[in-house]
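First structure 1, then structure 2: two forms of the same chain, each alone, as structure tokens.
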Structure 1
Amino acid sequence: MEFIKILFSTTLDIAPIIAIIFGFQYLVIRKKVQRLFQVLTGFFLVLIGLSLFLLGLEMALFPMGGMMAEQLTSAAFLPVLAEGAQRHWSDYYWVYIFAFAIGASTTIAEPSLIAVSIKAGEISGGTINPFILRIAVALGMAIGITLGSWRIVMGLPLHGFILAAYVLVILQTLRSPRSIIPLAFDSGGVTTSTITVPIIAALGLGLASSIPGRDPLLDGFGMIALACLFPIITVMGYAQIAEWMEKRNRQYSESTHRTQGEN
């Protein structure tokens, strides 16, 4: 019954894109669709698949994120509190470890990231190491989520973090090798997969509702935004370091060449 309801609303969700694609195809381009049967099968699979995913989202992904937030912040799990004392932010260290682990592990093995990093290594002509690039993206993602959960624990305003990250991104954009910039911005989007986003969102909201004094509405959001921003920073940072080391090596080998020539 629940599934039929979801199926119905999913039909409405994908109706616009179907109307747009077929509308432009038949009214503006006015060509027949090649392999119409296959295309229609594809749309049918999208409908069933999206409905199943949304069902699983409510049954598993959201509860999992919320459950972790609840368990890791429950009084039974945290260190014993002296009477009348305030809880220090470092008491929640398992929250940060969990946030870091979930960010790094979901990113490092991401297939689209592996493909992109190999390509980037080829384009750069050896300056960029694909494996280190992957680590840079995963590290950025992990730092973003960890910082996001720390922010919720502390109750600090989100916009401060975002603005600081923006300023850093802008400065780095002006100073980075130009060919890396597209890749850096892309890596921000690549990291937030369809499975990770709901878990992170539920984790943030769960933390904000179980930590005393936090409001889900004001504090619960923002983890996804930070998770998208920090890979940009780490990737450009890596490119800058790689370029600097390349330059230093070249100067070093040039200067040794010169001294050898003088001898």
Structure 2
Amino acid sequence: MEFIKILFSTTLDIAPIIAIIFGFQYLVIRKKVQRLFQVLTGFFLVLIGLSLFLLGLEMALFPMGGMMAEQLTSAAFLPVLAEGAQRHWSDYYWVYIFAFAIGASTTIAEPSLIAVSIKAGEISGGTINPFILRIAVALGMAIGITLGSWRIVMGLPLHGFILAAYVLVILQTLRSPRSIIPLAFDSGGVTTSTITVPIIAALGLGLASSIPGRDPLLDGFGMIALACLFPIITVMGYAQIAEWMEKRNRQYSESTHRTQGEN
């Protein structure tokens, strides 16, 4: 019964997309759709796949994320407090470890990131290593989610984190190789896709609901924003480090040749 409801809702969501595509094809371009049966079969598979994915979110990912947050912040799991003492942010170290690990692992497995990294490696002629690029993006995602978890634990406002991150992004943009800047900004977008977003949202809402004094609406959201920003920082950082190492190796090689020539 739940699947039927999700299927009907997904059909309503996809209907405008189908209407626009076929409307432009027949009314603007005025040509028949090639392999119409295959196209319709593909839309049908997309409809079924999205419905099953949404059902899986409701049955597994959202409850699992909330359950992990609840278990990691329960008084029975956290260190024992002395009478009258207040909970310190460092007591939630397992929350930070879990946030870092889940952020890195889901990003490494993100299909859209894999596709972008492969294409970047092909177009760059091997200059960009697809696996290293994925590691850099995963590291940024892990840092962003960990920082977002710490923000929820502390109850700090989101705007300070966003402003500081954007200042760092702007400074890096001015100093990074021009060829990596568009890829870095795209990398921040592809991380927030079908696998990562549900888990991040569930973790944030679970933490805000489990930690005393936190509002799920005010504190539970915002982790996705940090998850978008920090991969940009780490990818540009990776490019800056690679450029610095290349310059240092070139200088070392030139000094070695000069010394050998003098001898």
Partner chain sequence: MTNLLSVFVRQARDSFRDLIPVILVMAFFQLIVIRQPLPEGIDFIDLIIGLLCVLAGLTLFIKGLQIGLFPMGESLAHAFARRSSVISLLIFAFALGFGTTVAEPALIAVAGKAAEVVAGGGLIDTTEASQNAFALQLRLVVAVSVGSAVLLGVLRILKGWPLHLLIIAGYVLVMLLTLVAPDEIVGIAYDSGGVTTSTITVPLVTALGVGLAASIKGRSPMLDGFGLIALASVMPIIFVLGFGLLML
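In this text, the rigid core denotes the largest set of C-alpha atoms whose superposition between the two forms falls within 1.5 Å. Residue numbering: sequential along structure 1, first residue numbered 1. The structure displayed is predicted, hence computed values, not measured ones.
K.L.:
Given the two isolated forms of this chain, which one is the form predicted in complex with its partner chain?
P.N.:
Structure 1, which is the form predicted in complex with its partner chain, differs in this respect from structure 2.
K.L.:
Does the distance between the two CA positions of F24 reach 2 Å or more between structures 1 and 2, the core being superposed?
P.N.:
No; F24 is a residue whose C-alpha shifts by less than 2 Å between structures 1 and 2 when the cores are overlaid.
K.L.:
For L133, is the C-alpha shift between structures 1 and 2 2 Å or more after core superposition?
P.N.:
Yes, because once the rigid core is superposed, the C-alpha of L133 moves 2 Å or more between structures 1 and 2.
K.L.:
On a rigid core superposition, how far has the CA of Q251 moved between structures 1 and 2, in Å, if you could check?
P.N.:
Core-aligned C-alpha shift comes out at 2.5 Å.
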